[in-house]
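Here you get one chain, nothing else, as structure tokens; it is the form predicted alone.
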Amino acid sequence: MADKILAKDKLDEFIAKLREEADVYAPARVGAKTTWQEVNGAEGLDWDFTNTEMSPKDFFFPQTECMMRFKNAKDDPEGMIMKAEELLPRSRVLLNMRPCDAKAFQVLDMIFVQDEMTDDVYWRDKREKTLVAGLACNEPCPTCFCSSVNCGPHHQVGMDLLFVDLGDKLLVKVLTEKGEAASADLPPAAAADEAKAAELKAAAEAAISSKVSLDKINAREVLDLYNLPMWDKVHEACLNCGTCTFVCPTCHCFDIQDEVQGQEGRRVRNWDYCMSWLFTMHGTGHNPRGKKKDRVRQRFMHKFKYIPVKRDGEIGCVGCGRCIQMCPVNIDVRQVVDQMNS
């Protein structure tokens, strides 16, 4: 599909066209933070952000999601009968998503929609009704290590369009039929624009100084990694606060609960996290990950060994660096992976 050009002074017109059929969201500056906001035009869009503090995964996997409703009335013929919640009523467009976050959705697709027996309708519905237009990273931050984990600053996986910021205009890489329809009115890119985008891509990839190696992790048996002495030290500083899991674009633990108020009830899915001792507590009282060491090890083993083994080598990390930036005790995933790989 041919690349297109979108002048920034035409963004209002482009967004207005998208809004005819969809709600449009993008990272925008709010105080000192860049967060995802619904936008009506180009005003307020942040072109210099490194990444949003929270990943955009809650557009598809909300922190709290009502799945079904029911009547909590024993005399009602429909009492305790679950009725499905309405699915996403309107399409959405997510503008300027960083490549690492878009890549994370491909990883989560493998988790939520695996086959006929594991087909999460809530996740799939939102994915099908959302167009993702990414924004390439021209200036990765020091904690980024995306190029070590099957991603990169100009990566295209998980997107329908990829914008490359050329200054006063955007090179628009058209990646899917959905993206082609959204960009149908844009003019084609000139060869000079494509050459400049290629230069920016090479410069961005060269600017990523953080590297981790996974070759020995891949080669080692699961139990060899599981029993490494390093786990005795790695877990000591961890607070089990769960911050790393909440900001991570690929973490997807959840709990399902029924909530009742009077005669109304609903079944909700809430984010949960593997760092919590309660997450794996069995009804019998047995807890297979009752110690902090077990839970910390689980987090890293899951991302860098269990998911690759079960998902054809895919890694459960996209190298966005949020967990490094947000950890209150400075646990650095790159250092842990290096120890696993040593």
Partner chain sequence: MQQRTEKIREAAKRLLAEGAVDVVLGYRAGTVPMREQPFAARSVEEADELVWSSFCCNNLANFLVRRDEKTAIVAQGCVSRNIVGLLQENQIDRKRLKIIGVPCLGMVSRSKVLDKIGNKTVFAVEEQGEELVVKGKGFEERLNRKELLRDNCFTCQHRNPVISDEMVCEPVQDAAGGDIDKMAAPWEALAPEERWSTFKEAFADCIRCYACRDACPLCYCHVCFVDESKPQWCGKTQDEADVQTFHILRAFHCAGRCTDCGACESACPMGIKMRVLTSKIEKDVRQMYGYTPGMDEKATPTMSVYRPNDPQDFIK
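Residue numbers count along the first chain shown, from 1. Quantities reported herein were computed from a predicted structural model and do not represent experimental measurements.
Another form, the form predicted together with the partner chain, is not on view; read the next lines as being about it.
- The candidate site formed by T118, L223 and I307 is entirely out of contact with the partner chain in the predicted bound form, as no residue has a non-hydrogen atom within 4.5 angstroms of it.
- Listed stretches are 234-242, 187-195, 148-156, 87-95; the contact stretch with the partner chain in the predicted bound form is 234-242, by a heavy atom cutoff of 4.5 Å.
- The listed set K129, H252, R266, K169 contains one residue whose heavy atoms approach the partner chain in the predicted bound form to within 4.5 Å, identified as R266.
- Think of it this way: in the predicted bound form, the partner chain has a heavy atom of just one of N270, N218, Q114, N72 within 4.5 Å, and the residue is N270.
- Contact between Q335 and the partner chain in the predicted bound form is found at the 4.5 Å heavy atom cutoff.
- Using a 4.5 Å cutoff between non-hydrogen atoms, T143 counts as a contact of the partner chain in the predicted bound form.
- Remark: V329 counts among the residues lining the partner chain in the predicted bound form, judged by a heavy atom distance of 4.5 Å or less.
- In the predicted bound form, Q261 stays away from the partner chain, with no heavy atom inside 4.5 Å.
- In the predicted bound form, R29, A32, K33 are the residues of 10-43 with at least one heavy atom within 4.5 Å of the partner chain, listed from first to last.
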